[in-house]
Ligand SMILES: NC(=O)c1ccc[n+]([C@@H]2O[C@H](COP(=O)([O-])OP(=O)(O)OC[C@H]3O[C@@H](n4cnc5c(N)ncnc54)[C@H](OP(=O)(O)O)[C@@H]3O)[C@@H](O)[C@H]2O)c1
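Given as structure tokens, the chain that follows is alone and in the form predicted alone.
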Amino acid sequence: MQRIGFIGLGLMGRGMSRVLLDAGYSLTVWNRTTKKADELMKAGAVWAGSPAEVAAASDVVITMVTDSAASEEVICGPAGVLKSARPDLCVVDMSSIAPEMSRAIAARAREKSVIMLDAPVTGNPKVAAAGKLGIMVGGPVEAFEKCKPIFEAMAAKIVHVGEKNGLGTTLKLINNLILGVAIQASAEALVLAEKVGIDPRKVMEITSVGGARTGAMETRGPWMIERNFDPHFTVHNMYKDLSNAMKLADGCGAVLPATSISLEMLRAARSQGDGEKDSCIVLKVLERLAGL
């Protein structure tokens, strides 16, 4: 089996790494804070001192970090993956970053004869730990086929978007556009129900069938009703993705009015100090506006 390196052991990365270990892959890991790797090392993962050391020990290196700057640093930085990458190495960036950064990193990888795939995911930490993610992949088909068994260990749905780098990250922005707007709509519905005297749970009950059914209501609805805003996908991360979706729209002439409103509500949540909470905390912004 291919030797896998995994860089980035946050909420998603730990579950994804454990799934790969359980599937029988040898795993070398790195994270900015060593403590997040403790459980994985107990399960058989090997710690590396830098992203470059991960690359030296691996056939495929997966990165799952916070943003574009972090991806660039761990892949292209002074101690990054490309510093010690062999020509046959495959780098799979599963972070949610700007498509233009995916293309830029891929170009720098090609200079070292390294193939890169951008392969962001959809799903939460629980889904990641169950190996049921959705994965969208941009990049050469031969690299995709090489990594497909790895993706299959982590995913319930795999979509190869196309041969060009940046297409995976572009589809992720489109996916999260839908999620962000749906969370906003779900929060508005729950606040309106409360204002007119209807138990918000009745909204969840009726929207479990019919055309108004949405995964956002089914997953975030209970959290909003229970006031549980523990992070699954943070305000900061959703704000980043919707901001990038707006830039994408600017570049191609698309108009995204609902996304614009959702972005502003996330901005309000950030300004109120809730950036590290789950993005469904926009409910609290709406409640304040409604006088609740």
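Nothing here was measured: the structure is a model prediction, and the numbers come from that model. Throughout, we count residues from 1 along the sequence that is shown.
What follows is about the form predicted in complex with the ligand, which we do not show.
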Wondering, does Arg32 line up within 4.5 Å of the ligand in the predicted bound form on heavy atoms? yes
Touches the ligand in the predicted bound form: Glu188 (any heavy atom, 4.5 Å): no
Any non-hydrogen atom of Leu9 within 4.5 angstroms of the ligand in the predicted bound form: yes
Looking at the partner-bound form in the predicted bound form, is Pro200 within 4.5 Å of the ligand by any heavy atom? no
Checked Gly221, Gly123, Gly80, Pro99 for heavy atoms within 4.5 Å of the ligand in the predicted bound form; positive is Gly123
Of Leu256, Ala70, Ile225, Leu248, which residue is found within 4.5 angstroms of the ligand in the predicted bound form when only non-hydrogen atoms are counted? Ala70
Check for me whether the ligand, as it appears in the predicted bound form, comes within 4.5 angstroms of all of Arg86, Arg108 and Ala143 - heavy atoms only. no
Based on heavy atom distances of 4.5 Å or less, which listed stretch (238 to 246, 54 to 62, 41 to 49, 262 to 270) is in contact with the ligand in the predicted bound form? 238 to 246
Using a 4.5 Å cut-off on heavy atoms, what residues in 147 to 181 are near the ligand in the predicted bound form? Lys172
